[in-house]
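Form predicted alone, single chain, as structure tokens, below.
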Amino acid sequence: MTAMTRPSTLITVAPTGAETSKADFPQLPTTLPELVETAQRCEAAGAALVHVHIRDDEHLPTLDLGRLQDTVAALRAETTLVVQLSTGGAVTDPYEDRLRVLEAAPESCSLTMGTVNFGDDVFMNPWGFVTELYQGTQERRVVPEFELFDLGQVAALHRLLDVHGLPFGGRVHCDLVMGVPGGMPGTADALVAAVHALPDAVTSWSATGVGRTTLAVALAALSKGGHLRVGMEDVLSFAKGRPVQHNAELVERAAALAGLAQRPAMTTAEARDLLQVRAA
């Protein structure tokens, strides 16, 4: 289930997210210079795609279009990473702001396939919003990464592709987000069940293990032929009693695991071919 002929692993880094506060975790990259520095170090460590949330001057999550555009431009100027903007934002962001993310012209964007309980919050993704966002990606030639938090969202992906066809580029890449309180557990059994249920049109998939499930999900994904997403958006502890100091640590570990699996980290050029993103 991959478009690559050479066995390799796409490593995505999600460095910031929208949940953790800068005050609680000062090493979180929230300014544009911090994000660019993080992206550069993570690319050198083996990442080929960066999943981006941005913050305002108070380090709070924002979907400000000007800031998004500046972020895309800076990452393109300073790295060769595939730039993927989050259309999820924070759970409180209105649908219109989330749709407007596409106007920042990223090469890729996240597209969550349904509503999910997210800890004590609810991450809203009703069908009408999902289809409007998907059609927007097709029109603007942005490659979506379908975020799947449970098996119901896998079923929704079948429905979306059946009704609205393939995404721009013709490839279907999804990410299994596992271990979120309210979503599927971060276990090998859950991963195998989700992969078995994916549409035949899926050409590649990655997996994200949130919190303590990070390593279990990474190992299961590699053994099942999948790719990896890591980063401070998803985990803040490198090991018991040892906080993450920089996202590059997580990328380095993922690259080492991929190497042990004899599927080394792919280059950014290979990632662009895998996903069939348009030229930056």
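From 1 onward, residues are counted along the sequence shown. The structure presented is a predicted model; accordingly, all values stated were derived computationally and were not measured.
Here the subject shifts to the form predicted in complex with a small molecule, a form of this protein not shown in this document.
Do all of Gly88, Thr112 and Phe123 end up near the small molecule in the model of the complex, with near meaning a heavy atom within 4.5 Å?
Result yes, every residue of the spot touches the small molecule.
Is His51 a contact residue for the small molecule in the model of the complex, using a 4.5 Å heavy atom cut-off?
Yes - in the model of the complex, heavy atoms of His51 and the small molecule come within 4.5 Å of each other.
Is Ala261 part of the interface with the small molecule in the model of the complex - any heavy atom within 4.5 Å?
Because no heavy atom of Ala261 falls inside 4.5 Å of the small molecule in the model of the complex, the answer is no.
Can Glu147 be called a contact residue for the small molecule in the model of the complex at 4.5 Å between heavy atoms?
Answer yes; at least one heavy atom of Glu147 falls within 4.5 Å of the small molecule in the model of the complex.
Under a 4.5 Å heavy atom criterion, is Ala256 part of the interface with the small molecule in the model of the complex?
So Ala256 does not count as contacting the small molecule.
Which one of these stretches, 104 to 112, 195 to 203, 155 to 163, 74 to 82, sits within 4.5 Å of the small molecule in the model of the complex when only heavy atoms are counted?
It is the stretch 104 to 112.
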